[in-house]
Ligand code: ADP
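Listed next as structure tokens is one chain, alone, in the form predicted on its own.
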């Protein structure tokens, strides 16, 4: 039974795939746009499987040493401190690398022995070779459309994973999600989702990222707090999406038409 913070609305067979991948000790790659529920899904599955979850939010400074661990000086002594990957491998936790494509190249190299039959982590700095505990699972996510051509996962790396494709939910499912996450009534939730549906098909707006379900939930939460719907939408939807004034005005006009 999930807690409210790990509630997830399945869309396809993602729960079954994750469950079987975990049982078969297979690594899992989740592909999808920003704010479509990738991280929430992993949290939900960790709770469902009653497994500890260790999450690393990757960025372009995330290195192999950050994941494995390092030697530290404490009180005149030099002591080893495990990094998140090492802790997960030792304890049999689910290791979730969020936006793994953003990490440095040495992180991907580090993961290769964990994503094949060896299920091993080489901790060179501590002269250890760790075999993953039985219930250890590596889960990674990335946005294949983000900064295309600058940072992408190599095909040889992607083929080490079972993969799931996420997208923004169908209309009825997205309405349900917005209502469940915010407590907003159905009529307003439908208006928010309708606004998002219109924006997502307007390529001429030139948005770097389109409207995420996460943003819709935030807008709904502001409305539930008592903020007028148009004000809430401009703050939670329009302004986070663009700094371009004409684009923001076009989005605001659409807010006015919707609300």
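Residue numbers count along the first chain shown, from 1. Everything numeric in this text was worked out from a predicted model, so none of it was measured.
Here the subject shifts to the form predicted together with adenosine-5'-diphosphate (ADP), a form of this protein not shown in this document.
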The one residue among 189, 95, 177, 103 placing a heavy atom within 4.5 Å of adenosine-5'-diphosphate (ADP) in the predicted bound form is 177
Contact residue in the predicted bound form, chosen from 51, 55, 197, 34 - any heavy atom within 4.5 Å of adenosine-5'-diphosphate (ADP)
34
Among 199 to 207, 59 to 67, 224 to 232, 34 to 42, mark the stretch whose residues have heavy atoms within 4.5 Å of adenosine-5'-diphosphate (ADP) in the predicted bound form.
34 to 42
If we define contact as a non-hydrogen atom of the residue within 4.5 angstroms of the partner, is residue 217 a contact of adenosine-5'-diphosphate (ADP) in the predicted bound form?
yes
Any non-hydrogen atom of residue 82 within 4.5 angstroms of adenosine-5'-diphosphate (ADP) in the predicted bound form
no
Does any part of residue 259 reach within 4.5 Å of adenosine-5'-diphosphate (ADP) in the predicted bound form? Heavy atoms only, please.
no
Does any part of residue 9 reach within 4.5 Å of adenosine-5'-diphosphate (ADP) in the predicted bound form? Heavy atoms only, please.
yes
